[in-house]
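This document starts with one chain, in the form predicted on its own, laid out as structure tokens.
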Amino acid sequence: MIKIHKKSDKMLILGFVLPALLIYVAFQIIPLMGALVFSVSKWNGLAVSPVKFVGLDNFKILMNDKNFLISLKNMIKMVVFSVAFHTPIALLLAVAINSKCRGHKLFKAIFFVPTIFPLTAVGLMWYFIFMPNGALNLFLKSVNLHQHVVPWLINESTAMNAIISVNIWVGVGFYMVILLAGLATIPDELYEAAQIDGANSIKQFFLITIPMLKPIIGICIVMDIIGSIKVFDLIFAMTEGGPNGLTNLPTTLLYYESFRYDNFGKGSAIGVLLLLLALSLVFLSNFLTGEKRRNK
């Protein structure tokens, strides 16, 4: 057996860590620093053009930008509905599948399948379903519900709700798998003892399953918040932010400002605000579902 000297251990660890560290610095830290610099500058993205320092002007413009405020409202709506539906539905599905009901493997595969498709492909599929002559309207006509036939992605009152419903549908399977893994860690003895004490399935769910899964539920909520804030490809594939910019999220607005309107300063300011907002929501979520609360 080869005995490794302490100094050699450090070099070996450095050798494993260094490539990942360099990639992280190159693709995370440097772009983040660049976004911070550009957020207080005016620049059109061309290397030959000068970068002009403008202080907090980009942030002041955003606070009075109607399109940005609409995108913020859409993002909050997306986060609220995702958190309200993803984890509860995923938890119920995970408990049902974990009970080893007949066909549970097929059941698990059916709900997990949507998560393996790229969001762009999912968005295009639902675009064709929601279009005026799409599958949904054809179905409504076939069952004589003509009064409910609408151009879902063009109508201002239905476009954002259609996107949110697709986002909920596509994300449930992912959180279901995480919660299934959590359910597997709960000792069977707890349920057996509860059955001996006369606790029915509902009591076992609220007195054993929920408390034991609290840390994992907290992780799911944090991941859901971050994922909802980062949604881009689904919006882009289904509406491109329309109609009239009413389905834009800050992420799509960031893209338009930076790469279509050549306003990298304003685009970077949106990115910085998104980062601060995401960090605030994650800290708040951790505070509400964290260790301090669990220990009470």
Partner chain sequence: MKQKQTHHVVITYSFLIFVSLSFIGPMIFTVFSSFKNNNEIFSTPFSIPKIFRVENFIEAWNAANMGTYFFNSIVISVSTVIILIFTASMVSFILSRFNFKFNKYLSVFFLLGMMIPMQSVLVPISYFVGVLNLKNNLVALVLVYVAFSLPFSILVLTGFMKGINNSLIEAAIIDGASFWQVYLKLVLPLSMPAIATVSIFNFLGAWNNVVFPLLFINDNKLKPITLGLLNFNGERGSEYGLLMAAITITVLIPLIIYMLFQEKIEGGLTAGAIKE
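Positions refer to the first chain, counted from 1. Note that the coordinates shown come from a computational prediction; the quantities given were computed from them, not determined experimentally. For clarity, a rigid core is taken as the largest C-alpha set superposing within 1.5 Å between two forms.
What comes next is about the form predicted together with the partner chain, which does not appear here.
Not one of 72, 184 and 288 comes within 4.5 Å of the partner chain in the predicted complex, counting any heavy atom. Looking at residue 169, you'd find a heavy atom of it within 4.5 angstroms of the partner chain in the predicted complex.
Remark: residue 60 does not count among the residues lining the partner chain in the predicted complex, judged by a heavy atom distance of 4.5 Å or less. Among residues of the shown chain, residue 154 is not one whose heavy atoms approach the partner chain to within 4.5 Å in the predicted complex.
The partner chain is not drawn, but in the predicted complex it has no heavy atom within 4.5 Å of residue 53. Among the residues 92, 193, 207, 80, the one placing a heavy atom within 4.5 Å of the partner chain in the predicted complex is 92. Taking the partner chain as it sits in the predicted complex, the stretch 212 to 245 comes within 4.5 angstroms of it through a non-hydrogen atom at 216, 219, 223, 230, 232, 233, 236, 237. Residue displacement note: residue 28 has its CA displaced by at least 2 Å between this form and the one not shown (rigid core superposed).
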